[in-house]
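Let's start with one chain on its own, the form predicted on its own, as structure tokens.
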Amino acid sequence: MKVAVVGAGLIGLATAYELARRGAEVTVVGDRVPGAGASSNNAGWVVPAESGPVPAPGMVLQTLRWMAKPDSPVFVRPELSPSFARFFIGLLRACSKSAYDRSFEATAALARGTMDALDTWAADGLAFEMHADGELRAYLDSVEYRHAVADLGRYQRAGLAPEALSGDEARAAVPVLSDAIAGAVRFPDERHVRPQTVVDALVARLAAMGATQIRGRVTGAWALPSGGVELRGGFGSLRADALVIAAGAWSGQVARLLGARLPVRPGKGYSVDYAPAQLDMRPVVMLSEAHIAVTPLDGGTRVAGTMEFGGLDERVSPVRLRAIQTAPGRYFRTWDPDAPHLTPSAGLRPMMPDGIACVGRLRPFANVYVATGHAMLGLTLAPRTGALLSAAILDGSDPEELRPFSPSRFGA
């Protein structure tokens, strides 16, 4: 079977890789360097423990308070458009406890098996920087810490083995944490990677497997009477038996070429690498109140965070960047926001109104599929998304793990 994958980010590359492993003739179409944007400019976390969606109980009021602060963890730039209104109405509806619980359980189930999948990738010759040192969520606020401890049952039921640590226990585990830390929650089985090395490994392995990778923007798409699809763009014309739309925050634009509506919107995040490393630690650390991720990498420290709803705009805001750079100073014994660092970058995470991914067949088409909306969990969910979607395409199966993520929930 010939399959065209539009999108050369982590989700598109992972899906293309799984398709090629199973014998499909794969062509990846991307209009940018593979992994550009959110696929490489992220914290690098592989963390099923972070399966909770962005819409959550109390999020609306908190976001309204944050909107008055341009350096807050979440920022919304309002738009006068029907699609903007529909998206945030959908997000508001998803902020109930029942919706949050369903989304967490579905995403945690999709993430189950991710670590084994990464090990399989490595055994298949994909070489990338990976660390298996767990995650620590650090809390300055004792009330927030107690709330987190009271919610540990959710993670235990998902098989994630959380551990509650006092402030002293947290500092014993990660000595660079400051005396201000009231407590922490440790997830010992989480991992992290250097994202660009994963992208590079997938690109190289696809080339070795004979997959075609072409650069160009898709400007036209048609479903053919034969049941296949045709794409056109700067690369010319391409026909395939099936199409996967995995263009991240731009997936809605590709779907519109087929006359379909996909309510995906960009949520911008920033990252900056400090080199040499500022912190001597092994696990990744979530600065809970600041919503900032701190990642130790070979030879450096990456700091990443924010959620900015403001359209397809990858510019870096100095104010929001500064908030990311200074936040660690409250959590660690030593931190210099102005230490030597690389050029900061931004990436647009694909967000759906209900906060969870959109994976499956795009109706009414028989051979058009979608894989987008993974928010901040692209790395965590890419291996399983690729494996399950490739099974759906090549076998005609209906994987149970993908059912909660069907585009049909949006009428697509």
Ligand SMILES: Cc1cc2nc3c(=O)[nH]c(=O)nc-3n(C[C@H](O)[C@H](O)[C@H](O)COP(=O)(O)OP(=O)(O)OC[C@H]3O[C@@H](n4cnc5c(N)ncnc54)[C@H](O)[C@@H]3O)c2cc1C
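Start at 1 with the first residue shown and count on from there. Computed from a prediction, not measured in an experiment: that's the story for all the values here.
The form predicted in complex with the ligand is left out here; the points below concern that form.
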| property | result |
| --- | --- |
| Site check V185, V294 and P337: each within 4.5 Å of the ligand in the predicted bound form by heavy atom | no |
| Options 326-334, 214-222, 153-161, 81-89; stretch whose heavy atom lies within 4.5 Å of the ligand in the predicted bound form | 214-222 |
| Contact residue in the predicted bound form, from P266, P73, P283, G269 (heavy atom within 4.5 Å of the ligand) | G269 |
| Partner proximity in the predicted bound form: A36 to the ligand, non-hydrogen atom cutoff 4.5 Å | yes |
| Contact of F309 with the ligand in the predicted bound form (heavy atom, 4.5 Å) | no |
| Distance check, A4 to the ligand in the predicted bound form, heavy atom within 4.5 Å | no |
| Proximity of M376 to the ligand in the predicted bound form, heavy atoms at 4.5 Å | yes |
| Heavy atom contacts to the ligand in the predicted bound form at 4.5 Å, residues of 292-309 in sequence order | A304, G305 |
